[in-house]
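Below sits a lone chain in structure tokens, taken as the form predicted alone.
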């Protein structure tokens, strides 16, 4: 049971949900509860909360939940979910588009051809939200967020709002290291003029590639590990026994061994144990240390 009540939290216009099951908000469909989930009405509501919350209260911002593993003990403090439509605005201005942090990436599939622009086709097929793409410098098909980002509107841990440039995030391959108390509010991204049929064809081919080479319609979190330089993670996993390794309802997909999956009965501990074991197996076999793409958060179940 959470130690927080409506009486020790700031007054807000959005919504507080107590003991919210986080498995409902993640693609892997596992994990414990959030002590409190806060869904702000807009950025002013979020700012009010940040400025007036108890100083010792932990805060975590949950995006689309596509590359997150929440441990079975859940997340302490307040989990912020920016699901209001006020965080999902999108507009075009001066050769770029501005996207709210809560915009689901796949929504770009219609927006780009409707406005005869291209350049973000790769982003359309990445699960999750625009704001969530910052944590891992999300990318595929030879492009990453850093390649198209112009600037971002950010709120820090004191409620101050400012503009950050690409260099402020220290992006690298599937990595960024901006301060943990930053919350992305909006991203300004590069685009260029392009006929709708060309954009649609690129998106179609990207989607077809994913359907052919990656598992679909399963409980997964996308790529589990980064590709070590000069190697492919899926090959290292398969060669180290990942094709037969399983814990509870957690195993690697036979369609692509860098995708772990939950058959519906796995716990977060099953999944974490699967990743720990294959990392050890690969290291013992090759001397290579696999680095997870999935972010593991929360506390173990007591």
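Numbering follows the first chain given and starts at 1. A quick note: this is a predicted structure, and the numbers were derived from the prediction, not measured.
The same protein also exists as the form predicted together with a small molecule; that form is not shown, yet it is the one meant from here on.
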Q | Contact stretch among 32-40, 250-258, 56-64, 270-278 - heavy atom within 4.5 Å of the small molecule in the model of the complex | A | 56-64
Q.
Even though the partner isn't displayed, in the model of the complex is residue 111 close enough to the small molecule, meaning a heavy atom within 4.5 Å?
A. no
Q. Quick one: is residue 199 in contact with the small molecule in the model of the complex, heavy atoms, 4.5 Å cut-off?
A. no
Q.
Although the partner isn't part of this model, could you tell me whether residue 90 comes within 4.5 Å of the small molecule in the model of the complex, counting any heavy atom of the residue?
A. no
(Q) Just checking whether residue 210 would be counted as a contact of the small molecule in the model of the complex - the rule being heavy atoms within 4.5 angstroms. (A) yes
Q. Of 97, 149, 120, 126, which residue is found within 4.5 angstroms of the small molecule in the model of the complex when only non-hydrogen atoms are counted?
A. 126
Q. Out of 187, 221, 203, 78, which one falls within 4.5 Å of the small molecule in the model of the complex, going by heavy atoms?
A. 221
